[in-house]
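Shown here is one chain on its own, the form predicted alone, set out as structure tokens.
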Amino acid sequence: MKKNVFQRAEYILPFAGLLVIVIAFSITTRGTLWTSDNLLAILSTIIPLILGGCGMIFVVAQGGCDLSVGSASAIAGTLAAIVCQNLGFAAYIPTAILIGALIGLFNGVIVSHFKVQSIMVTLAMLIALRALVVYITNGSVIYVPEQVLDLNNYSIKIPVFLVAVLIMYFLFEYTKVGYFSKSIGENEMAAKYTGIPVNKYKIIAFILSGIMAGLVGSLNVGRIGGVDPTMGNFFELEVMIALFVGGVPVTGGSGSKIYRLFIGAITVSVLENGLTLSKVDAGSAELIEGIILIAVISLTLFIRDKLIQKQEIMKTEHNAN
């Protein structure tokens, strides 16, 4: 009976958190939260979070993390903009995706074959790529052709978003890439003994994360109107918050679900937007977001530990019988 309670809590918690935040800011903002302009503002922050999360979730499902997605999106957008100026718009998005994929490939090879912790590899990559962006841009804005700016049009951005999300959803929920990623997160040694090529799928996971980071970078350049040296700053943290607030386990495994990313992205976007509308200063807003993240992660880990304990007790009782 208690096991059912914890299972329900694990499922309901992200939805309950979102509902509480929506109700709270609907009251404190006196309905401003629901104006059409504000909903579009929320949507504009939700789209990159979900796109970035759809790539990172493969890594997180394996029990890893990718701290380089923000800087990867920045360098991918920067190099794609430069290529676009020389080769035309047709090369813009493919270049951004290719750059992201190459970064992901590098991360995946180092993590899988050299057995370096993903947090260390991607943190080093974050620092290196951020410095490279500043060097290439020389600290100034790089302007892009008019066609790139058209990517910020919702009639283009929404279809691109939907196609990318549907592809990632299919890969994660209905193919070996997603299934094996969850298996690795549940128990990497067991996955190896069952014949899963763990190294191969770790590399694939990081490549997918890099591809989505590259796509986000290409859209960000269109939204900003050019290449800004600071674009993508802290994006990786926002994506991770969206994943974990939505209920994706920090330790990965079978509890990793893309619908939870959607809930988390909406929750984070509404929270940030609501704090802004409520005129909460930046420092206090970051403190509130940090407290909420710690609370949610702690509660999620507590619930999962209880579920694991119950499963172990049931196995012990079953073996005893």
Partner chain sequence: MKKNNRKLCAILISALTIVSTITGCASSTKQASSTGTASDASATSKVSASNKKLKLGFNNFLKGNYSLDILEKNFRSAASALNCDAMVTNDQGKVETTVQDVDSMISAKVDGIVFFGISDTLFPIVSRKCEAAKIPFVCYDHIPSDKTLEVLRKNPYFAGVVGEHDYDAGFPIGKYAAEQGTKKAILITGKNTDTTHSSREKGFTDAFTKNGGKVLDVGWGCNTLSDALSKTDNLLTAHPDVDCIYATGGDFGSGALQALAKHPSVKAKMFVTDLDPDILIGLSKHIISAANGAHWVNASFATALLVNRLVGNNLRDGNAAPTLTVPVLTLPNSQESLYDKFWLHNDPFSAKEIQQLVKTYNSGASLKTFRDTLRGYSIESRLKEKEKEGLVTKDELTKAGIKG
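Numbering follows the first chain given and starts at 1. For clarity, every value in this text was computed on a predicted model and none was experimentally measured.
If you look for the form predicted together with its partner chain, you will not find it shown, but the lines that follow are about it.
Participant: Picking from 226-234, 158-166, 76-84, 93-101, which part of the chain touches its partner chain in the model of the complex when contact means heavy atoms within 4.5 Å?
Facilitator: Of the options given, it is 226-234.
Participant: In the model of the complex, does residue 263 come within 4.5 Å of its partner chain, counting heavy atoms only?
Facilitator: Taking the distances in the model of the complex, the answer for residue 263 is no, it never comes within 4.5 Å of its partner chain.
Participant: Wondering, does residue 222 line up within 4.5 Å of its partner chain in the model of the complex on heavy atoms?
Facilitator: Result yes; residue 222 sits at the interface with its partner chain in the model of the complex.
Participant: Though only this chain appears here, would residue 302 touch its partner chain in the model of the complex if you measure heavy atom gaps against 4.5 Å?
Facilitator: Heavy-atom contact with its partner chain at 4.5 Å: present for residue 302.
Participant: I'd like to know if residue 105 sits close to its partner chain in the model of the complex, meaning any non-hydrogen atom pair within 4.5 angstroms.
Facilitator: No - in the model of the complex, heavy atoms of residue 105 and its partner chain never come within 4.5 Å of each other.
Participant: Go through 271-303 residue by residue and record those having a heavy atom within 4.5 Å of its partner chain in the model of the complex; state none if no residue qualifies.
Facilitator: 272, 273, 276, 277, 278, 279, 280, 281, 282, 283, 286, 288, 291, 292, 295, 298, 299, 302, in sequence order.
Participant: Once you compare with this form, do the C-alpha atoms of residue 270 and residue 298 lie closer or farther in the model of the complex, given a change of 3 Å or more?
Facilitator: Residues converge in the model of the complex, at least 3 Å closer.
Participant: At a change of 3 Å or more, would you call the C-alpha separation of residue 270 and residue 297 in the model of the complex closer or farther than in the form supplied?
Facilitator: It is closer: in the model of the complex, the C-alpha atoms of residue 270 and residue 297 lie at least 3 Å nearer than they do here.
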